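Shown next as structure tokens: one chain only, the form predicted on its own.
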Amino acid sequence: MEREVRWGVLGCAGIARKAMIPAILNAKGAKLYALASRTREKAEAFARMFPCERCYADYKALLTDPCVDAVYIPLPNVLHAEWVIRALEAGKPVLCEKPLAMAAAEVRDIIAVSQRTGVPVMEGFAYLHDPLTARIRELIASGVLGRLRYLEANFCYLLKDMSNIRLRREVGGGATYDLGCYPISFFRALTGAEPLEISVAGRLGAVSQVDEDVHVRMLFPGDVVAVSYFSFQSHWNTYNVVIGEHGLLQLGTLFDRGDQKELILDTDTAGRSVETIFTGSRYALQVEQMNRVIREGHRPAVSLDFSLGNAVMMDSVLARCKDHG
């Protein structure tokens, strides 16, 4: 029996505590081996919640541990590219939380290092591993909706705490990096293409000076229109819809966590039906896919080319937000 992939976690972010470390503990073929933080006190406190074999007060020390087979990075956005590259240089395969980097130029640097070292890296879009996403793709491919005409994906919640990391410009805050990366990746995943046109209406927070409220319209090949609203200034909303010539798909919880979700299918021929999709742990599925990349040489489900395309689009959205201040 092949040894489990020994994971090291670089940082003690909320997403690690709430989702990814439990996923590593529950994923087949994975083992939580090491935790690292900037201080020993924080690392040890985290290790008391999630027992592991090694605990480091230095990110570099974890990367030099020869027993670490893979690294998960949930650090602040502004640190992603630096520590992804450091991990790759240390020979450690990486699963990095979205966004992979703060700009397309940084993603290109990561691609160059990954190609040179031969070490894989995957951006952490857990929803792309979700059975619900697979079902959406299956229905589109079946032709039941006819030719795609319109996509909509919103992701919003109200955020008032100005100390929240998502509202801090110096660490890479903003709605585009935190929320907008989801609909942008969703549109590109479903169309398999890059937009021909993009228009943006976005507002920077008067205090935060990060994008807090953004509306995007994209035109994809085949005259497919995609619209998204992502905001820290709105009531909770994860509404998604896919409309074709002969039918539509509607769902409300694609991007957030949940063990089961409903998918509404309404077509000219079959009428309206509701499917309940049992998703399990999308995060564990993500870990298991990365394990296969490491152990069996599979290609990452989220390719670096896909991540680069997302980064190019986010650069474009943010440039337009700044233009409109």
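The structure displayed is predicted, hence computed values, not measured ones. We number the residues from 1 along the sequence you see.
What follows is about the form predicted in complex with a small molecule, which we do not show.
Novice: Just one of D213, E152, E106, E97 has a heavy atom within 4.5 angstroms of the small molecule in the model of the complex, so which one?
Specialist: Exactly one listed residue reaches within 4.5 Å, namely E97.
Novice: Using heavy atoms only and a 4.5 Å cut-off, determine which of V241, A134, I165, A201 is in contact with the small molecule in the model of the complex.
Specialist: Of the listed residues, the single hit is I165.
Novice: If contact means any heavy atom within 4.5 Å, which of 137 to 145, 230 to 238, 74 to 82, 213 to 221 contacts the small molecule in the model of the complex?
Specialist: Flagged stretch: 74 to 82.
Novice: Counting heavy atoms only and using a 4.5 Å cut-off, do G14, K42 and Y283 all touch the small molecule in the model of the complex?
Specialist: All three within 4.5 Å in the model of the complex.
Novice: Is there a non-hydrogen atom of D130 within 4.5 angstroms of a non-hydrogen atom of the small molecule in the model of the complex?
Specialist: Answer no; every heavy atom of D130 is more than 4.5 Å from the small molecule in the model of the complex.
Novice: Would you classify V171 as touching the small molecule in the model of the complex, given a 4.5 Å non-hydrogen atom cut-off?
Specialist: Contact with the small molecule, yes.
Novice: Tell me, yes or no, whether P183 is in contact with the small molecule in the model of the complex, where a contact means a heavy atom of each within 4.5 Å.
Specialist: Contact with the small molecule, no.
Novice: Wondering, does Y33 line up within 4.5 Å of the small molecule in the model of the complex on heavy atoms?
Specialist: It does not: once the small molecule is placed as it appears in the model of the complex, Y33 has no heavy atom within 4.5 Å of it.
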